[in-house]
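Consider the single chain below, provided in structure tokens and representing the form predicted alone.
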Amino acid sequence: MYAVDMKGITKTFGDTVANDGVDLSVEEEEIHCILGENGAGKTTLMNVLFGLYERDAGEIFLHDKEVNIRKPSQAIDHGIGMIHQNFMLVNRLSVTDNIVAGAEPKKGIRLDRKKAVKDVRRLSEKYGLKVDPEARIENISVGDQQRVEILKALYRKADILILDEPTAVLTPQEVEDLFRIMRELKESGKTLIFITHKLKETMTITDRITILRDGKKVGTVETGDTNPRDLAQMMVGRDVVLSVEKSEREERPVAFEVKDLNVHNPTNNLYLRDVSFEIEEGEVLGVAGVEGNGQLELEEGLMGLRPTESGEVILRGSDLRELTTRERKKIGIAHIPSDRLRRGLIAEFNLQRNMILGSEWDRPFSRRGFLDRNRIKEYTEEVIEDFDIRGGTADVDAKSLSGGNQQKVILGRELTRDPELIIAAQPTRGVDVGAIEYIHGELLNMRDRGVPVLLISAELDELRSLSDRIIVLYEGEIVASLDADAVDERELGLLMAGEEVEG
């Protein structure tokens, strides 16, 4: 008997077919992965199952019984819980308040808080999800916040759990802990559906894998009968090079220096304190850290998007601190932002307008105060071809592209301007394996041409394979500077969590 059996699921958005007659069968008490490129239809399919989207065609069976799920409350009533990539928690409320919200135990007409706390503590102990029921969400770690999301679903008696990219903001140690929890949930009789683009994690935690490509099901395989290379080939329809070949480099002159940089973010009251580092010509310096430890403040401070309180930012001998963001880009800083839709693209603009953002009135795009529309279109078409941007012509809006192709638009725009420095923040976040291969290749090409690269990434494999050196940020301070070839994932994870590493 299948816990979930989806047959012929079709979901369209206008002219876009997100799911095209997809079948998905998930056995009871298994961890089943849904794998595919960004835009392949993975999350859409799960949003249909959870009632966030209504399907256009197809049938859904739970435990051999056909169901009609049209909204999340119906999915919850059927025992389905979904843990979204972006947590749905209220920071100023307690763990207990977040878990029981909408299903509070009552004493008369009032919340029975004592019972609520007791129920949450009992549930957390039962499933090994240790968390303080009285703690405020804003005061607990990201890993603990994820446990709260899982407890929310279990409190509502979910026996089918959907986890959408659950490891995106976790340290390696937190990922290990999450996988332990997933295995224990499976052993207790739960069925888990795991959406991810990370092949190593897929091989580690799952029993079976269903692969989607372009909205269609490619196949379902037993995890023990496959390997990362075959999975990547099924995902993108071609062979993918999973390992990164990085050329040897010699010591070269320093091109970029940051000295005693101090930045304050009043939103979360985080201080970037006395941050100093150097990057040589043709060197990739990686920045590791759990999200929220100063990476965003560093990125925005260096680009002039956030005021710096003190310190120096020097590119080839010139201090940049008084320059605007536009001026920094004009002197040759390429910026691949961590938030591509907020900082990198205007989703409603077509690709031509996005390609010339920040350079609208510069040659060769403008002459005597008028845009050279023919040259802009030619340039856009050249970048689309050179950077393998799929699904788009020069006239389509950026919002119509998948996340991976939106990222390639930014990459193409920034790297074709002969940069003197590249600041690449989370360059492959939410991007499929085929686009990751391409982006990594382009960054290493720029390194080999002598361009210094600052790589800020939450992906430790990415940092270790692309970087020459790695610095670790913890609570706004650099706590370690390491040779990328001499550090392992465990050591990095401990340093990211503020722990000391022996030796």
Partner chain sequence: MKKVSRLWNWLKDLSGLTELVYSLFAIVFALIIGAILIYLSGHDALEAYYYLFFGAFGNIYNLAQTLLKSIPLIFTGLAVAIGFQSGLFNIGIEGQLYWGAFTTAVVVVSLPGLSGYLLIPIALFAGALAGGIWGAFPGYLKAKTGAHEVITTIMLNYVGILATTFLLKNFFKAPGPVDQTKGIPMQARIPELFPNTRLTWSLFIGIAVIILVKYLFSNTSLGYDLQAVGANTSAAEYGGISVSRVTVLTMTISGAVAALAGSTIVLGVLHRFITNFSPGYGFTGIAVAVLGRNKPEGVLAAALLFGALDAGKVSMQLFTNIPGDLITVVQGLVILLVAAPSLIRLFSSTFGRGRELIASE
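Quantities reported herein were computed from a predicted structural model and do not represent experimental measurements. Positions refer to the first chain, counted from 1.
One more form of this protein should be noted, the form predicted in complex with its partner chain, which is absent from this view; the next part is about it.
The chain is drawn here without its partner chain; in the predicted bound form, the stretch among 350-358, 190-198, 229-237, 157-165 whose residues come within 4.5 Å of it by any heavy atom is 350-358.
Contact check for G412: no non-hydrogen atom falls within 4.5 Å of its partner chain in the predicted bound form.
Although the partner is absent here, T220 sits far enough away that none of its heavy atoms falls within 4.5 Å of its partner chain in the predicted bound form. Interface residue remark: K118 is not counted as part of the site for its partner chain in the predicted bound form, having no heavy atom within 4.5 Å. Among heavy atoms of R208, none comes within 4.5 Å of its partner chain in the predicted bound form. Proximity to its partner chain in the predicted bound form, defined as a heavy atom within 4.5 Å, holds among G344, G289, G301, G215 only for G344. Contact with its partner chain in the predicted bound form, defined as a heavy atom within 4.5 Å, holds for exactly one of T308, Q173, S400, S366, namely S366.
Shown here without its partner, the chain carries P427, R449 and L460, none of which come within 4.5 Å of its partner chain in the predicted bound form through any heavy atom.
If you take 4-32 and check each residue for a heavy atom within 4.5 Å of its partner chain in the predicted bound form, you get just G14.
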